[in-house]
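Here we start with a single chain on its own, the form predicted on its own, put down as structure tokens.
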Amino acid sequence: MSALSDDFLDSILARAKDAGATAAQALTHRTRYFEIEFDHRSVDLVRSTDNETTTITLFRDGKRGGATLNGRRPEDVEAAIAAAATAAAAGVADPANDIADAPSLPASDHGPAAPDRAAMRGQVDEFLASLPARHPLLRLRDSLYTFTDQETEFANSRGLRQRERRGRHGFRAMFMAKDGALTTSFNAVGASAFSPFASLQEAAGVGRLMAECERSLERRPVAGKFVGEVIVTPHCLMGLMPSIANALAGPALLAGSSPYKDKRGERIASPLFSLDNAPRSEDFSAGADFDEFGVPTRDLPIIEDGVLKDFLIGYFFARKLGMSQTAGARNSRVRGGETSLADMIAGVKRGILFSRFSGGAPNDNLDFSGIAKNSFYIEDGEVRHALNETMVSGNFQQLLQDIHAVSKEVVNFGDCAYPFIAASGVTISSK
């Protein structure tokens, strides 16, 4: 790992003190980035970039102000410190505003230091060459195969120093299907991993999504309105889990709006459901060894066998709430189960394969309502047809309680990992 300059961050802290700060911290990201951009016909762009950003945070008598700068030009550094000092002077004092006192970790190094550009280009060419035979009706746009090498360094005026490097590959595909006058909406999927993907066709379950996209050219709404089952896909969980996580997080606890605020130690979900926060896991290339305050992260269960074990609380809200910090960084993992997806589908009398949710944020009680996108109707254990203009509504608190199967199959997106989850009690209707 090539070291960033300790002198640079130390000079920022010294200048912040000269600007009147009673405490200060600085976080620098240096990113070397390589990307191959392509559509369904050919590669459009190959490029490399190199960038460095630093976030400076000043504290003055309980007030906080911040600014961000690109590069290290002395005049830009001075301007950023002045802007942060001005923001701090105009801020509202809060006893929770302060830098962290935490142990400094040994510098860490994760993933490869450089991309194999020829191998990456070969994978893209192979993927595009096989696409017409695999998915003849598919149209790609703005798709990427990338490599990111990022060094992160942190320092504060209490002597806390952290440094880590992460090198990871990334893949993002955006696609639709078209057959004459018939078209689908766009769908997208992305993932990251330390190692190059064995096959872009299989990365993050993209092959299954592409096949479902083509099948979605002919869509029908459900007949009538019914309360049925949903099999929530890993890709749908990516959109739904933040709402559940936010109900377990510091802001909702401080506001008193979380329905789980007094539930620690109680069962809030099916015994089949377990949720971990795992920023230190080597399963996650986009994890973190420390957070934005330099506090070391840790892996821990949040919900285990349905029981609420802990909340998701970062540094500031831990101080506000007088609670232990548990989640300076979030990398959610729902543990896989013992049922195959095929068996889950076979067990559905009437319901949907729920692949994407389009709707507003749930209310404080976690009631939700929206449209099922890229989803399919299931009846008597068979996937019958793609859905059009189909509404889903329910309550996330109840949905977690009503989970009756969790799949063996788990999709790792690089910053989170989810299985398929089957639950009952969701209202499904034509729009």
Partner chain sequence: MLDRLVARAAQLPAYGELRWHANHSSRIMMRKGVLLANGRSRDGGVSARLYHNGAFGFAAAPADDEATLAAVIAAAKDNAEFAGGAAATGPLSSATGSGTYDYRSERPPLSAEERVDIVRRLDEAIRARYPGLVNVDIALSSHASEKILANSDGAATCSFVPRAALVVSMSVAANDGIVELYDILGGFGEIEDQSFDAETIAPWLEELHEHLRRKAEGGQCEAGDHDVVLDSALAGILAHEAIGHTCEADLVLAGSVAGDNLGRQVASEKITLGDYGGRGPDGKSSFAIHVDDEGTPCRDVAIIENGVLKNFLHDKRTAQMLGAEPAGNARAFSFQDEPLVRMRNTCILPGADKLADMIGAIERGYYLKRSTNGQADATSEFMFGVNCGYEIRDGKLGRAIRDTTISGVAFDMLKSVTHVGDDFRWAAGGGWCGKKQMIAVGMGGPSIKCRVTLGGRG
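Every value quoted in this text rests on a predicted model; they were computed, and no experiment measured them. Numbering follows the first chain given and starts at 1.
Below, we refer to the form predicted together with its partner chain, which is not included among the displayed structures.
Think of it this way: in the model of the complex, its partner chain has a heavy atom of just one of Y145, F127, F290, F316 within 4.5 Å, and the residue is F316. Only one of A342, M323, A255, A113 comes within 4.5 Å of its partner chain in the model of the complex through a heavy atom, and that residue is A255. Proximity of A87 to its partner chain in the model of the complex: non-hydrogen atoms within 4.5 Å are present. Although the partner is absent here, H404 lies well away from its partner chain in the model of the complex, with no heavy atom inside 4.5 Å.
Residue contact check for R134: none of its heavy atoms lie within 4.5 Å of its partner chain in the model of the complex. In the model of the complex, no heavy atom of Q162 sits within 4.5 Å of its partner chain. Per the 4.5 Å heavy atom criterion, its partner chain in the model of the complex is contacted by stretch 356-364, the sole one of 232-240, 356-364, 197-205, 151-159. Residues of 44-76 lying near its partner chain in the model of the complex, listed in sequence order, are D44, L45, V46, R47, S48, T49, D50, N51, E52, T53, R64, G65, G66, A67, T68, L69, N70, G71, R73, D76, the criterion being any heavy atom within 4.5 Å.
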